[in-house]
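Read the single chain below, which is given as structure tokens and is the form predicted on its own.
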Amino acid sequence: MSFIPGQPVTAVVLHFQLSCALQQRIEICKLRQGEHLILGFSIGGGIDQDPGQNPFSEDKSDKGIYVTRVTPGGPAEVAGLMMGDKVMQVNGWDMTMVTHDQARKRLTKKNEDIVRLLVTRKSLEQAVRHSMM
């Protein structure tokens, strides 16, 4: 695609549509077990972690927060969260430049029974790219 002065730049619009299509909102109702609230998933990554150890980073430079485990039958699985999902937001808070501990604390707040996530998923990305061919 080339740029022609005075003509619409469709690539910018296409990128915006693509990035919106790749994100999915997931709402998890925490399971109460005594004094504990259970989400049913584990995370990995963060700006303080070695991105080379992240099995979900294709270029091994991504320091994002990823779902590394989902408990079968747990609240996260019931809500539709999948292993490999990249967490972009938690209850409206940006998670793209946080440490692992900051992400963990944001997810496990005791006064929140519901966690609203915005995630990206490779299968969503592949489906959108395939539909555009």
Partner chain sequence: MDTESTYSGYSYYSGRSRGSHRHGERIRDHHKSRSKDGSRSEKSVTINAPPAEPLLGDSSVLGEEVQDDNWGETTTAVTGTSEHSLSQEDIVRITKDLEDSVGLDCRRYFSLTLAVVLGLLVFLTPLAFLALPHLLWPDKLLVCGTACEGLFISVAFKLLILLLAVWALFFRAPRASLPRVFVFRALLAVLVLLFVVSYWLFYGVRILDSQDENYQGIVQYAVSLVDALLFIHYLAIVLLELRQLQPAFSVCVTRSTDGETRHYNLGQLSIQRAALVIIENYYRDFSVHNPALLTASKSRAAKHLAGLKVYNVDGEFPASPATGPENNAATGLAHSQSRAMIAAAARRRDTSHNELYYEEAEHERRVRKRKARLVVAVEEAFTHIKRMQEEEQKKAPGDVMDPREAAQAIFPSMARSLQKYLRTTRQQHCHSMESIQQHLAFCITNNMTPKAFLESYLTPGPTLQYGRERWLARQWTLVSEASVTSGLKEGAIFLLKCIDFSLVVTAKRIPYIQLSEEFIDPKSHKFVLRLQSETSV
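Numbering follows the first chain given and starts at 1. None of these values were measured; they are calculated from a predicted model.
Keep in mind the form predicted in complex with the partner chain is missing from the figure; the text below concerns it.
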*Using a 4.5 Å heavy atom cut-off, are Gly73, Ala79 and Asn91 all in contact with the partner chain in the model of the complex?*
no
*Heavy atom within 4.5 Å of the partner chain in the model of the complex - the one residue of Gln33, Thr96, Ser61, Gln53 that qualifies*: Gln53
*asked:* Against the partner chain in the model of the complex, would Thr68 count as a contact residue? Criterion: heavy atoms within 4.5 Å.
replied: yes
*With heavy atoms only and a cut-off of 4.5 Å, decide whether Asp48 touches the partner chain in the model of the complex.*
yes
*So in the model of the complex, does any heavy atom of Gln102 sit within 4.5 Å of the partner chain?*
no
*Does the partner chain get within 4.5 angstroms of any non-hydrogen atom of Ile26 in the model of the complex?*
no
*asked:* Within 4.5 Å of the partner chain in the model of the complex, counting any non-hydrogen atom, which residues from 104-120 show up?
replied: Arg104, Leu107, Thr108
